[in-house]
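Alright, two takes on the same chain below, each alone as structure tokens: structure 1 and structure 2.
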Structure 1
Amino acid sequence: MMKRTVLAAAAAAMLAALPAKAADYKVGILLPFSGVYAGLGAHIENGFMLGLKDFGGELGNNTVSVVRDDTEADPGASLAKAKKMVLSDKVDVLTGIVSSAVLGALRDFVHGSKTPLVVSNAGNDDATGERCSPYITRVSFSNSSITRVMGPWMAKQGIKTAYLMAPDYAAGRQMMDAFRATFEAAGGKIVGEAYPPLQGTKDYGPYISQAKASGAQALMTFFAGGAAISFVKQYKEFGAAKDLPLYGAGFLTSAAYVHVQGEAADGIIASLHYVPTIDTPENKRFQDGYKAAYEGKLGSEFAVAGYDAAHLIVKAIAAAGGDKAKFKGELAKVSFNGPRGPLRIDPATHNVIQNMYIFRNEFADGKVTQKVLATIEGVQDPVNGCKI
């Protein structure tokens, strides 16, 4: 992998060649660089640095510098580090945040200090709902938006009954609740559900057997990271897909690790805001750049979130013209076509409005490709109690 310092140096060299600066904007990157989410943190940071390189030319006379710290996915430690970045390092904007618990811990501080925060992963619905803030802008997704689109789509495919399964924490519950609402509204029926503990579940066999015994026509799931890898492999080993086809939020077979799942991912249908096979110039530029920078690796939805966060920040800086007070208000006004398609920010919630893609994983010639089956354009959350 090309070292981050090399990519950062390339971005800095390009920015240094610009005319005399109007203002230097300091960006604080808060991501997990250790622990279970370290891989996601690396993907997001890689994408962010590539975004600075690709879009730095839009900065005009302004420059960007970066400071970074490890959240360890720990809410208390993250809050302390965010305070240091704002009060001591004097950052103008924070970005990153993988864990929704970390986002929850930071909310009151960024709101009270009026520090812009561009969220590049954490999906808790409340962050752009009842707990929204004019200083928080999300470029990733909300949990509900990922699975809400699957309910009517699956019903249109003739699926009348489904079984739900997800880890027992906020993201799992929110994703399954959103699917349930739209699936039932489309005439479907939920015949059972299970929520394995998030921590410590190694054997999904009993849960898979229970789902098979339900008589459902489909199993709708949300798993991510190591849990997704284990679940998909065990599902294959049980031969469950023959009687109970597997569907899910797209993190089930993320581009970040679907190559590890391999043949076990074949035939799984899922929904997500980004698929590497999107056929647009913007996505080709991103994937070509990512592969060139990082030893041929495929850019995942996590890398795209970092990339688009950088693009958003750069465009807001350019629009503000060196006025840092104005910059804070420009973040939610930005729109552009990126690797995932059209992206804009909802002024009522500061949540992202974007396409969702329903895709099928297809294993052939030793690798998995993700074929887009449907595109649902301009997916937008309801206000959900947000008052900005």
Structure 2
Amino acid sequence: MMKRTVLAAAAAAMLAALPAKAADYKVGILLPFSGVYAGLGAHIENGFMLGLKDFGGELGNNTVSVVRDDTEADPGASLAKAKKMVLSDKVDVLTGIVSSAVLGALRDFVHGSKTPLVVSNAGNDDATGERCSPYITRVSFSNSSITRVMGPWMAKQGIKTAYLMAPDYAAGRQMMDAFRATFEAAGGKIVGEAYPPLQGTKDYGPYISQAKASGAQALMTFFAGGAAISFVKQYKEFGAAKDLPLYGAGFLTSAAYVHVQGEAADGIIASLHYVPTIDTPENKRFQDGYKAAYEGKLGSEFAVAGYDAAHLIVKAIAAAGGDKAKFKGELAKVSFNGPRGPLRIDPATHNVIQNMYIFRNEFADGKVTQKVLATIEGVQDPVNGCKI
């Protein structure tokens, strides 16, 4: 009896000493490396690679390799590339996706093929609402969560009328609709709106003139990437800001390009899930690492989402070990404190729950700083028809 117990204990000790079951995970990165959102793609990928480096130690004996492709922010091209990654490259998980239109196009394929997708930008509300999927997990934001915090806040500042402007596609419409709902509920009135094409609008002059002519007290916008740079510069050239102060989803003055906008960004007030000035050890580690790896550049909200996507994937692998079927179910269970603050995934929708920051851009001594005016903690979307 005694001898058997000793033998069993020795066997258990030997098993424990063996390396845990491990697997090689392949990640498919789908991002725009060309077109209006090319800059965003570069930041997200930089953040992702930095995240793999910073958290790779948690992988144990598992390994991660990546393949990448350019979505061109084009829904048709993106679907073909996602299919190739899953069916011929045999990736275990997809990540990236900047445009809400691309996410809309990919949804049925990832759901039907049971391919996990960790969304590191595209805010399409439907993807964590009516068209949610157990295979889609979002670490970035939902479109409506970004702008709906601005409605009551602006109304409280005494603003009674607003004009809306955003690119004519799902993200633009959803961000403006969410703002409209909360601004009107707080007693505000929308006096006009305009939706220029997403790709190829070079001249915002006619749209800006129309907004000015509306007599609104504020212009609420969503623009990102190349469109945000052009829009903010043209707004300044028009001298529009003194009659019609500019507000936005914070991508308007992203840390990725606010230095290019410079003085033109001064005074713009916006809401976002991240500002570079957050004073925590996690954010310091991220910003110091980003600066060291990428020529002294500031890490943006895009880079943070890439970084957190890598962190989430690493944690899910660590929890699943070599069991790839288990890995799929682990992604939405992850939570951690990241550069933006506490982050967790809502089990009911797989959308991220996180803080929102309302901030003002202040230009002084040749540079723009983003001063936080309000923090709204633990912003969580309603279930919006999602059944997981």
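FYI, numbering is relative to structure 1, first residue = 1. None of the values given here were measured: they were computed from a predicted structure. Rigid core (definition): largest C-alpha set, two forms, superposition within 1.5 Å.
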> Is the form predicted in complex with ligand PHB structure 1 or structure 2?
Replying inline: 2
> Taking the rigid core as the reference frame, is the Cα of residue 109 displaced by 2 Å or more between structure 1 and structure 2?
Replying inline: no
>> Given a core-based superposition, decide whether the C-alpha of residue 298 shifts by 2 Å or more between structure 1 and structure 2.
In response: no
> Aligning on the rigid core, do we see the C-alpha of residue 281 shift 2 angstroms or more between structure 1 and structure 2?
Replying inline: no
> Cα of residue 213: shift between structure 1 and structure 2 in Å, core-fitted?
Replying inline: 5.0
